[in-house]
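Presented below, as structure tokens, is a lone chain in the form predicted alone.
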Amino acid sequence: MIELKNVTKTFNSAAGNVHAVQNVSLKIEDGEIFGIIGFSGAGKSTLVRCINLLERPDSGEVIIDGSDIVKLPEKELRTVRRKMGMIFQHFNLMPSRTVYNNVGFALRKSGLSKEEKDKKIRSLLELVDLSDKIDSYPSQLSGGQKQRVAIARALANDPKILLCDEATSALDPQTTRSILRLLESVNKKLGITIVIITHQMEVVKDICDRVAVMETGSVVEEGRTADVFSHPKMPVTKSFIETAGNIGKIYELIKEDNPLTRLNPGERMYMLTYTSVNTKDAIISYVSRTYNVNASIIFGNVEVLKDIPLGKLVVVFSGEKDNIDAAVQYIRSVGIDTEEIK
């Protein structure tokens, strides 16, 4: 549905050139939920605006449904843009218009009759569960309700693509979850390709099929969400995981020589990373019995990435060196990443 080929975007300023997007190539499949994640300044918002040419790239191709829209005349580009909805962090609703008229504004050039527009607006508000707010104004709505109106408006022209630029950043965690459930429902019911730009790992891990990690304008890592976060290759990805979960705290405790992380002679500390393949297996108790080692779990964290559990345990093994080596070798043999951290 979306293919970016060597897309580059540079901004000129008094302080010099800012290379916001550098030679990015991506493929986003029809009907998938694709996440683009990165810390502030990574270039992800500029990249998503290059997809619908709100920002025109300096070079590269933006292929939407088989057509390079960079080369399209303005009239044809407007037609393509109508099939790309977009929602933003701050909703961008018109305060002087009701919920009904905010959604209806997107249909002003649709060619539909008044009755057809009315039917469509009401069905969209039903889809986002806001039928009871049809005559309300934005000032009377909560943040989550405003974003639901924005989603309804973005869906008004039956888009094939929905671009979400930090759409949940202004919302509390509970409201964020409800908006993500709505986006997931929209994806399943309508088959829309959804691109989510975010710096919130919990957003990506919750609903994204695949993810690209950006740093200083470049995509540094890409793949299935569970694969990227269970086997991160780049430091920025590892940093995201440690920032979003509490597992990174263990490194701080080691650095501080916290009593929890102090080892007795012969003890060794490991980080075990496992996925749904072996989530339910009693690995720790098995190796403890089989290899005659003591295993103490001192820290742990379990995430669910697009319905796939990802667990990280910090375990201190004690016993004979050869027994610990054999236990660790067995754990690795069953597909659990095992890293000695102290």
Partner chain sequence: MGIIYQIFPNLEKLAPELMKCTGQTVQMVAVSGIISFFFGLFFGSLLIVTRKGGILECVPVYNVIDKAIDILRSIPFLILLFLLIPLSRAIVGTSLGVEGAYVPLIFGTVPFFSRQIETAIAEVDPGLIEASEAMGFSPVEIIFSVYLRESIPGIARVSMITLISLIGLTTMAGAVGAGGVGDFAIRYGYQLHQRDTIWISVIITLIMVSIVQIVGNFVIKKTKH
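Quick caveat: nothing in here was measured; it's all calculated off a predicted structure. Numbering follows the first chain given and starts at 1.
The same protein has a further form, the form predicted in complex with its partner chain, not shown here; the description that follows concerns it.
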| property | result |
| --- | --- |
| Candidate stretches 133-141, 229-237, 216-224, 258-266 - the one whose heavy atoms come within 4.5 Å of its partner chain in the model of the complex | 133-141 |
| Candidate from Lys249, Arg97, Lys119, Arg177 lying within 4.5 Å of its partner chain in the model of the complex - any heavy atom | Arg97 |
| Single option in Leu54, Ile63, Ile298, Val304 placed near its partner chain in the model of the complex, where near means a heavy atom within 4.5 Å | Leu54 |
| Arg181: touches its partner chain in the model of the complex, heavy atom cutoff 4.5 angstroms | no |
| Touches its partner chain in the model of the complex: Ser169 (any heavy atom, 4.5 Å) | no |
| Touches its partner chain in the model of the complex: Ser123 (any heavy atom, 4.5 Å) | no |
| Lys71 within 4.5 Å of its partner chain in the model of the complex, heavy atoms | no |
| Heavy atom within 4.5 Å of its partner chain in the model of the complex - qualifying residues of 103-124 | Phe105, Ala106, Arg108, Lys109 |
